[in-house]
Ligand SMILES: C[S@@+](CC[C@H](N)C(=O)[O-])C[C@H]1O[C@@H](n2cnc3c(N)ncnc32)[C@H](O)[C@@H]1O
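Here's a solo chain for you in structure tokens, the form predicted on its own.
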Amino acid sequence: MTLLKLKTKFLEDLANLYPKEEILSFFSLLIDFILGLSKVDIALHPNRTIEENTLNFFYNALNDLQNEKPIQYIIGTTEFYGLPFYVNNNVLIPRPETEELVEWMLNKLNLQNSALKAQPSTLNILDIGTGSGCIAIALAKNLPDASVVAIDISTDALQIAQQNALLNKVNINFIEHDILNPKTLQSSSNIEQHLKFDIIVSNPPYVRHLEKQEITDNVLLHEPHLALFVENDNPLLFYDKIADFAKRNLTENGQIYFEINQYLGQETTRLLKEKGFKNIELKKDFLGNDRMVRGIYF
């Protein structure tokens, strides 16, 4: 089969599920992944023949796409904040909104250093619920003097995060722990060396079950529910527990950053105020939704 015929098959078989431009994007990503050919190569050599054994990969990918499996899981990689990441169905696919959270944190740190006319100092950073490690790794890559610890409840997720740290050549201390059981975290010998953190950041589960109807099937059917959903009657469970942990484990003037449910911005802000955090900022994402919050603990 030629490249042109295979592209036509993708367009025909996926027409009822995806827009044309998205199908062409899938096709280009798969061609680049398995054959190393660019969009220009495809356009210049439409009659290039694809070997039979390679065709099996494309047929399997086509079947996965028909079942709405995310393309990132099919090729096993994605990009976050300009860095490569391995992903599979044990971790969430990193979102642009989370990139905005990282950008906000780095901008805040740069502004602080400029105001103090100081060189970037060594920071102790904790990422809670690290998943693929995208936040921790992006921070470590851009703050090479920082000491970064990342925790997650999932062994499988931490294996992916560790691979991503190696891929991006950063040193991060990964620890398996459940933040809902903070006593075990505090007693861990791996974290005792970081009794106080300058920054704690988390993108915890925040989608209420009542909001499932808003979630597309490619997410609902394939991404880990453990990292997505919380009970309707206690949607701020993780924020409550993490804020309590932060109060005990932040340095003076330490900062906390959260990615949040767009519908619960005021509630999350109120929670932090009630916990004693000051200078609280609620920030919108590029779509205009309440998506990030920051507070300082004096």
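Treat the numbers as computed from the prediction; the structure is a model and nothing was measured. Note that residue numbering begins at 1 and tracks the sequence as displayed.
The same protein has a further form, the form predicted together with the named molecule, not shown here; the description that follows concerns it.
This chain is drawn without the named molecule; in the predicted bound form, the residue among L167, I74, I179, V219 with a heavy atom within 4.5 Å of it is I179. Proximity to the named molecule in the predicted bound form, defined as a heavy atom within 4.5 Å, singles out one entry of L139, A227, I199, I172, which is A227. Using a 4.5 angstroms limit between non-hydrogen atoms, V148 is distant from the named molecule in the predicted bound form. Contact between I153 and the named molecule in the predicted bound form is found at the 4.5 Å heavy atom cutoff.
When the named molecule is considered in the predicted bound form, I125 lies well away from it, no heavy atom lying within 4.5 Å.
Taking non-hydrogen atoms only, L92 approaches the named molecule to within 4.5 angstroms in the predicted bound form. Looking at 209-217, 140-148, 127-135, 104-112, the stretch with residues near the named molecule in the predicted bound form, meaning non-hydrogen atoms within 4.5 angstroms, turns out to be 127-135. Contact residues in stretch 248-287 (any heavy atom within 4.5 Å of the named molecule, taken in the predicted bound form) are absent; none meets the cut-off.
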